[in-house]
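Coming up is one lone chain in structure tokens, specifically the form predicted on its own.
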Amino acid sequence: MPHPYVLLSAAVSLDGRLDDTGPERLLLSGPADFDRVDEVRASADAILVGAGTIRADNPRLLVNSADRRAARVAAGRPAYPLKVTVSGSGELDPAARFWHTGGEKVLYTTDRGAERAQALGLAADVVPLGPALDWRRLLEHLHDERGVARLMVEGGGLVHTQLLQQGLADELQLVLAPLLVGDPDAPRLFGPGAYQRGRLRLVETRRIEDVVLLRYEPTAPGTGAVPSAADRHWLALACELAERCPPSRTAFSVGAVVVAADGTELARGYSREGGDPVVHAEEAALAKADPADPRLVTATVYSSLEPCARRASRPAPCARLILDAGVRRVVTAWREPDTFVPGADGSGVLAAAGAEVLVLAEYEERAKAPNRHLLS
């Protein structure tokens, strides 16, 4: 199911601490970075913090710039992003500034926590998620029921940890401050646990006064039928590759990427690449990968269109080429229509051979875009 683009935002000391243990909040950056954060807030549809952050920091989470608020209103958006918090117990201070500043607020909680929150009279829309907190269900609700396309997450460490561990973060914006806290009891940005394998991709570094902004994207694919933020990244790239295809009235425009389990791109390709009028995207990509590469057996193929099950132009369809390469996970945006091959079922061929097939329908329109002339 679709969910918002999830951006994690945090500032840490050189030893990875979010704060010290003193009574006052430790300010890790300065005015220029605070203004940058304000700009990021203004770009978001919603801002989320955990209950621990509300208790420890009592934040307001506002867009402070009047010009940015005016720009939001001019664009038909509320002056302030939706404010979101998460609490399993629902035990939060009704007098906290979170509830009494800015625009609308939402509390996601458990069934039992909802009873407590309502008894406390919290000034928010209270949404129970069942007997336990469920991040995927929360994000889907934000997307489907509140129209949130871009979510900024400002903490705390437990929230950031859980979203990364579950493969739900699309971007990490980390500010590194030139100081050492040194207190072993001070809160850390990330806690222990099982994280998805793979290095994060560094997409930007920027000096802001005496701090450094580091922007990262996850790269490791998900596992099985559970999509990760990296799955969405790679499938979006496959859709971009489809737009490079030479136009055709007798074949679809498709892009494909082969990605190792550690997030390393092994190969990419697109339909009719290199002037070959009949080459398919998955075929073009796999032809560039080393067939002896041991990473193929745990790799994922991302294709903007379901791999073909039958074709007249080559002896083997793409579903068979994928299986013969040893790949056992495929992520696609769009099931093949009956335009050229009625009854095609590449997903069925893959699944019958033990491969996992994941369809991310939220990318279907993007995958169809370079093929509109074939669908009218």
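Given the structure is predicted, the values throughout are model-derived calculations rather than measurements. Sequential numbering from 1, following the sequence displayed.
Below, we refer to the form predicted together with a small molecule, which is not included among the displayed structures.
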>> To verify the annotation, which of these, L142, V258, A229, V86, has a non-hydrogen atom within 4.5 Å of the small molecule in the predicted bound form?
In response: V86
>> Only one of G156, P218, G269, P81 gets a heavy atom within 4.5 Å of the small molecule in the predicted bound form. Which one?
In response: G156
> Can you check whether V211 is within 4.5 Å of the small molecule in the predicted bound form, heavy atom basis?
Replying inline: no
> Might P317 be said to contact the small molecule in the predicted bound form, defining contact as any heavy atom within 4.5 Å?
Replying inline: no
> Does the small molecule get within 4.5 angstroms of any non-hydrogen atom of A289 in the predicted bound form?
Replying inline: no
>> So, A367 and the small molecule: in the predicted bound form, are they within 4.5 Å at any heavy atom pair?
In response: no
> For this chain shown on its own, do A10, W135 and P187 all sit within 4.5 Å of the small molecule in the predicted bound form, going by heavy atoms?
Replying inline: yes
> Of 329-337, 45-53, 303-311, 344-352, which is the one stretch near the small molecule in the predicted bound form, taking non-hydrogen atoms within 4.5 angstroms as near?
Replying inline: 45-53
